[in-house]
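Here you get one chain, nothing else, as structure tokens; it is the form predicted alone.
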């Protein structure tokens, strides 16, 4: 096995995933360690161009018009060293009537002082579908700073779904900044699930603009903060077209000395549009806690189970 192949295997196994992606010829993949490609496989209709930069790597992903991918495309970004900077400049262009689902793993198992920067521009063509699930796996030292930033345009009758999950290892610092513009009859769903402990800092800023007639959007955040972790959630939906529909939903659990704030904002600029919001911050439900403890779980085990339920 070559050094690059071994690095790719080690990187993917560090995510805790058992699926044999590297050896499945029907699954497209791209693995990047630090700022270098270690392995990739493309399928017809999927075009990926990478360019190594002095301070990062540029990745352009394009689909052909009308292509439908049956299996998820796998991306893996990560670093094994304790220190360093990984910067990904990502440009995604999903062509008209095509459909693609991406599973992206980001893993930094040994991080003491790692900075992961993702700057993305995403365009989803008319009638296309793009699903992006980003799962982070960190080490237990809290030495990761993550800065995902994206500008997204969802064209007429297109669908954009994104999920961000950070449930394994310490968060460190996470600062999410997503902004999405939705055209006529398009759909946007953005979902974040993060579990913070120790002195982790969680910042989520997601904005959706429903600019097209009958466009729809949902922003959902589920966050837990324990120890002395802190979370700041700012979610906003604007609706400026007839029959646009949106909802902002934020729920946070606070334990120990954790601190959480939530700012759901709705802005409606058309009398035929409608946007709602819901925010809830509090401790673990005492009735749920008592019920689980009565069945033999310790308080810590019961709290963990409740939080896992919130974040599932």
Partner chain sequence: MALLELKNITLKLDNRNILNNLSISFEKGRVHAVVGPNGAGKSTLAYTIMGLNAYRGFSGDIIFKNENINSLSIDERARKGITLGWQEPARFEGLRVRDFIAVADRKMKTEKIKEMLQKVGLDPNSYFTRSVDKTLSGGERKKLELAGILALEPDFIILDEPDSGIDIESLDRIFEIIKFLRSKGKTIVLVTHSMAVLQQADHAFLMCNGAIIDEGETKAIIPYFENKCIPCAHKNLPDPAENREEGLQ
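Here the structure is a predicted model, which is why all the values come from computation and not from measurement. Numbering follows the first chain given and starts at 1.
The same protein has a further form, the form predicted in complex with the partner chain, not shown here; the description that follows concerns it.
- Distance criterion of 4.5 Å from any heavy atom to the partner chain in the predicted bound form singles out 222 from the list 183, 236, 222, 170.
- Using a 4.5 angstroms threshold between heavy atoms, residue 5 stays clear of the partner chain in the predicted bound form.
- Although the partner is absent here, residue 251 sits close enough that one of its heavy atoms falls within 4.5 Å of the partner chain in the predicted bound form.
- The closest heavy atom approach of residue 22 to the partner chain in the predicted bound form falls outside 4.5 Å.
- Proximity of residue 287 to the partner chain in the predicted bound form: non-hydrogen atoms within 4.5 Å are present.
- When contacts are defined as a non-hydrogen atom within 4.5 Å, all of 296, 299 and 309 contact the partner chain in the predicted bound form.
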